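Consider the single chain below, provided in structure tokens and representing the form predicted on its own.
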Amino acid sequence: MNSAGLPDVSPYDALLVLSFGGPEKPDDVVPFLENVTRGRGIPRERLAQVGEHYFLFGGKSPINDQNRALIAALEKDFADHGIDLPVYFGNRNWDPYLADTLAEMTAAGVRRAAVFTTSAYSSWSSCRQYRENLADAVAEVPGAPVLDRLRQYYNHPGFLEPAVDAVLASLAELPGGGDAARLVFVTHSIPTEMNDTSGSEDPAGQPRPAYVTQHRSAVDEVARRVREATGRAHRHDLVYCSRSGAPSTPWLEPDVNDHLEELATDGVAQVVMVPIGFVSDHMEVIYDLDTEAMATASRLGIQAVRAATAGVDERFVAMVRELVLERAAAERGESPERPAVGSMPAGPDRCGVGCCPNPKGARPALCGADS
């Protein structure tokens, strides 16, 4: 608490919510995909084909609106707890672009900001690439504030408790209360080499391979709590969606649709699909799961329900506030409590040396022990 008896967020004078970005209308789709795939030489014609997923939903990704809803919930939560901290929004691949947001923050006099990314796990694409984005934006904006990225939160109770309740609600939707349902936890696939190098060999960092290890810790913890709540041990799996890139490049498997085929062969009649890799209903959730995987399950005769993401669950919103206060206290030289559940301890505030290297070669990145 500060001298006024309110939560102390010093040395921070702002919070930046950093996310992936997405198109807001049909004309945005191909330019957005060009941003995402910059440097890969993919023809516009191919990008237009890939963009069909977005056109099925009016050419608009849900992610920006979801982030705006999260920011509104954070602003209310901060106000309710006596925290005077403006919240800014910046994206990697679409408006509002990160550099533009940093320029706005600089003009407003922000000197030091905490950064919350909408990705809970460690890998190059889900963690270090955001740190590279921060370094690029700071280099572009004269006088940009000091930025401290908050720790990964895949095992924070504010992220996993909503997942537990979402699974329980989904089981209740199935006939018979889902007594024999299989829990199919889904996350974004990445190249196997990226998984192998996720994390760090630095003892102070996240042990390799961090991406799959962190997911398995989260999955096992949710399944354990569901078992405690129901008295039933549901078999569970970790599977993947949204594979892209060259067919010759190995990616994490199995794909959720392939896995459903295998479950049907084994006689599984009910599944709950749990988007454990996503904090809200991204395109990967509403297309890959709600559209494609649900169609696969229907064709196979499997009764399927998709569990909710954390979204703006009040526990998830409170988690962000707690992470800001935790990091603020650490930066003041204090030793705050660092909540974590499951088999892994709370992650470090700064990534370890060599953490989640860029597969194309070293690039500047903020918020690491080697920054």
Ligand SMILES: CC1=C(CCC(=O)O)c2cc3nc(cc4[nH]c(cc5[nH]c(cc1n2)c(C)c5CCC(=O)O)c(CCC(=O)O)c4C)C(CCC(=O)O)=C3C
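Being a predicted model, the structure only gives us computed values, none of them experimental. When you see a residue number, it is the position in the sequence shown, counting from 1.
One more form of this protein exists, namely the form predicted in complex with this ligand; it is left out here, but the text below deals with it.
Contact here is defined as any heavy atom lying within 4.5 Å of this ligand in the model of the complex, and by that definition each of 40, 61 and 284 is a contact residue. Exactly one of the stretches 111 to 119, 294 to 302, 94 to 102, 163 to 171 approaches this ligand in the model of the complex with heavy atoms within 4.5 Å, and it is 111 to 119. In the model of the complex, this ligand lies within 4.5 Å of some heavy atom of residue 251. Proximity of residue 352 to this ligand in the model of the complex falls outside the 4.5 Å heavy atom cutoff. This ligand is not drawn, but in the model of the complex it has a heavy atom within 4.5 Å of residue 22.
In the model of the complex, this ligand lies within 4.5 Å of some heavy atom of residue 124.
A heavy atom within 4.5 Å of this ligand in the model of the complex is found for one listed residue only; from 157, 145, 209, 191, this is 191. Contact residues in stretch 43 to 73 (any heavy atom within 4.5 Å of this ligand, taken in the model of the complex) are 46, 47, 50, 54, 61, 62, 63. A decrease of at least 3 Å in the separation of the C-alpha atoms of residue 242 and residue 49 is found in the model of the complex, compared with the displayed form. A decrease of at least 3 Å in the separation of the C-alpha atoms of residue 45 and residue 242 is found in the model of the complex, compared with the displayed form.
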